[in-house]
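Only one chain comes next, encoded as structure tokens, the form predicted on its own.
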Amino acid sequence: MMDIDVPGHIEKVAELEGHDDRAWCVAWNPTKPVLASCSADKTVRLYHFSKTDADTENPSVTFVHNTTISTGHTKTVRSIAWAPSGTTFATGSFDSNIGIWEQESSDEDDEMHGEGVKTGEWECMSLLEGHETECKCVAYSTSGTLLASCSRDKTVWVWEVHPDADFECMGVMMEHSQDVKCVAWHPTEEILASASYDDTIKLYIDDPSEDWFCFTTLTGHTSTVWSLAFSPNGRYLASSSDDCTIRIWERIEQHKWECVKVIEGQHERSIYSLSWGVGKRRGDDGKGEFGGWLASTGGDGKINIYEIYEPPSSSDPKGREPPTHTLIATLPSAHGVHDINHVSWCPRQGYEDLFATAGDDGIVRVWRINLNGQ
């Protein structure tokens, strides 16, 4: 395959070994310099990271293994998600259960300073039961008051978070006809999206007088939809599929979303994971409003990074333009011959060019984007 001339390249920052089976998911703590990973080996591994040579233009980032948590799940831990507080995380497992984890305080914590990464043991404070079979994905809402989960049992659950690791089921949506692969929350509103083996995407909201309900179904993919990622400002939703395409959907009315772009020909196999980060703008080039960086990866082992620019909003459907995308970096065989299951941008300020991937090789790799000439 010919080399593509792109303005940037993807540099490996760290290779985090330790899982004894495939690594399924990575999650960055939103308030502390901690990266979590989960695996078919039923464990969660936590890493602390810090910048060295911080005063230089491209400081290096060092990762240190913090702890390994034997979750007690009886099967694969498929998904992990931090609450916005950064003090709690949820695990979704093929044993159908969801674990809610919090850290005990330790004597050493009182003496700690700086970023405040605690040393106490992590404990399962609550086990959420209800799914009939494999839980595929868990996700906290931006407010932290809601947790969503989805399963091979074709359902999407919304749980309300109460104090003391108490959870109340607020709704069970049985809209999909097949295995539900992914759930994702809108960044500023309580809108939930789900993606399924039935080739569709469903969007849900809470009716104050009723329960959670599906207000629209997005169709267009011709095979399983694996992953969903909202743009940082919530104007767009990206989806990826077994059909080897990425679709970008725009919110054109309060409850109406429309496909405005299809990115195809960039992956040869299923696109398992997307992540949409704020990115770093490359100067003012008159392209419109900078919409961040979209990362994609999957069964072909390739990582692609797209720079997104948004056109001005238009109320006239005929005058509406799609966002523009430019491939700014690509890396084949990022985990050797292995599939890549997940990609995630670091949400911390100052680390906008950092992301992590989890692969079938059991390894978590951390990467950064180096834009040529910057």
Partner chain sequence: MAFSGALTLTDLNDYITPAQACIKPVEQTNRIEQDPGAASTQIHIDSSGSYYEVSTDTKSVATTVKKLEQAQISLNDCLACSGCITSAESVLITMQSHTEVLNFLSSNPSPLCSSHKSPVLSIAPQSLASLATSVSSTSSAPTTTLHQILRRVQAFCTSVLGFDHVFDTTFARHIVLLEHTQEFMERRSGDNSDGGKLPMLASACPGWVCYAEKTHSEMLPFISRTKSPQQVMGTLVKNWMGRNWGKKLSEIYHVTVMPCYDKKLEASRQDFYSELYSTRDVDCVITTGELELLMREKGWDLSIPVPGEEGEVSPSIYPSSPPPPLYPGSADLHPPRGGETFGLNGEEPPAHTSSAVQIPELLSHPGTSSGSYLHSIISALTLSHPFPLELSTRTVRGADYEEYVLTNPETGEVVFKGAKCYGFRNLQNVVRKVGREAGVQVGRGAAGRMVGGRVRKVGQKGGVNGVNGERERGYDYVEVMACPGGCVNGGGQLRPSVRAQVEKKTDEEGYERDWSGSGVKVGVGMDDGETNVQGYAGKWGDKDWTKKVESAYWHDLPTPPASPALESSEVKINGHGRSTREADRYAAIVLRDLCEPEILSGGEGLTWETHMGAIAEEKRRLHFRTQYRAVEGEVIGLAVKW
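Positions refer to the first chain, counted from 1. This one's a predicted model, so the numbers in the text were calculated from it and none came from an experiment.
Omitted from view is the form predicted in complex with its partner chain, to which the following refers.
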Legend entry - Any non-hydrogen atom of Ser70 within 4.5 angstroms of its partner chain in the predicted complex: yes
Legend entry - Trp24, heavy atom within 4.5 angstroms of its partner chain in the predicted complex: yes
Inset, instruction - Answer with yes or no whether Leu218 is in contact with its partner chain in the predicted complex, where contact means some heavy atom within 4.5 Å. - result: no
Legend entry - its partner chain contact at Asp300 in the predicted complex, heavy atom, 4.5 Å: no
Inset, instruction - Select, from the options 288-296, 275-283, 189-197, 260-268, the stretch whose residues sit within 4.5 angstroms of its partner chain in the predicted complex by heavy atom distance. - result: 189-197
Legend entry - Glu11, Asp20 and Phe63 each touching its partner chain in the predicted complex (heavy atom, 4.5 Å): no
Inset, instruction - Go through Ser126, Thr88, Ser141, Thr245 and name the one with a heavy atom inside 4.5 Å of its partner chain in the predicted complex. - result: Ser126
Inset, instruction - Select from 169-207 the residues with a non-hydrogen atom within 4.5 Å of its partner chain in the predicted complex and write them out in sequence order. - result: Cys169, Met170, Gly171, Val172, Met174, Gln178, Lys181, Thr188, Glu189, Tyr197, Ile205, Asp206, Asp207
